[in-house]
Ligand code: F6P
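Next comes just one chain, in structure tokens: the form predicted on its own.
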């Protein structure tokens, strides 16, 4: 039986997107041979809305295992606006369904993060055959132990922290290294552990600036020449955490530099009288080739997605549970966030080792 399959990448790019696309394509060609047509939807949901796509050939998937970014392009389309008809007059949900039906797709495979999964679930509820793969460097998608892109980004952040140690030691400095992570701290937590950070700040635990200063002072008294602070970009102080969303947004808008690394560097420099330096990793974390772990993970996820197509088991994300690749209903994934358990064994164990979380 012939199949027509669409592939779409949405949201922020990361390492492994092309590896996952390749895995899906190779598994489809192996399963269906010449009886499968693969359509690449260009630039995420924007392409699905505007009818921008191309029919792919086997050669399109050759040599992309190690390639960063996404050969299909991507974009951000806020879920909250998907059912809103804006000035252009486009009914986005209807337009996406029209493109799907025009191509006579049997299934649309969507690679993306949290926002992407909300829209994927919307399309599934609208009657389209959808299968998703969990992509994000934040590792915050509910229903899976791991997301692709996370390990590659973690390796990059860890490498930066490693390299900061020598210059921090040489100059007797305090370094604040800002790692990506607006709402959850998995990436900063793991990079901080692997890089030997003395203080790890994550969004799930509001920090007290005086407690961080105490760590720095204690290290100086113990003869330590430097302090490394790994800070997720979305951290808040105890006072900031009590603000409403509106108040906090206005507060950030009033700041000369909203970067947490720069803010902490200024504050800690004044309190401790130490020489402090901020380092912001930014989009370096999302770029470049996927690490070997992510290449293998993407290959397994792609194979599992094609298995679901063969079984016609739609409306699911391929999740990883204890090393097994299992279907997870999109309705159980969409709108949920997998946060770091602040009372969990890992956080408590790190505290027992003397690592500070700023509290």
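Since the model is a prediction, treat every value here as computed from it, not as a measurement. Numbering follows the first chain given and starts at 1.
As for the form predicted in complex with the ligand, it is not shown, yet the points below apply to it.
Trainee: Using a 4.5 Å heavy atom cut-off, which residue among 233, 155, 198, 204 comes into contact with the ligand in the model of the complex?
Mentor: The residue in contact is 233.
Trainee: Using heavy atoms only and a 4.5 Å cut-off, determine which of 76, 270, 171, 97 is in contact with the ligand in the model of the complex.
Mentor: Here the answer is residue option 76.
Trainee: Counting any heavy atom within 4.5 Å as contact, can you tell me which stretch out of 281-289, 241-249, 222-230, 124-132 lines the ligand in the model of the complex?
Mentor: That would be 281-289.
Trainee: I'd like to check something about residue 138: if you look in the model of the complex, is any of its heavy atoms closer than or equal to 4.5 Å to a heavy atom of the ligand?
Mentor: Because a heavy atom of residue 138 falls inside 4.5 Å of the ligand in the model of the complex, the answer is yes.
Trainee: Considering non-hydrogen atoms and a 4.5 Å limit, does the ligand approach residue 163 in the model of the complex?
Mentor: Although the ligand is absent here, residue 163 would stay clear of it in the model of the complex, with no heavy atoms inside 4.5 Å.
Trainee: Although the partner isn't part of this model, could you tell me whether residue 112 comes within 4.5 Å of the ligand in the model of the complex, counting any heavy atom of the residue?
Mentor: Result no; residue 112 lies far from the ligand in the model of the complex.
Trainee: Can you tell me if residue 182 lies within 4.5 angstroms of the ligand in the model of the complex, counting non-hydrogen atoms only?
Mentor: Residue 182 belongs to the contact set for the ligand.
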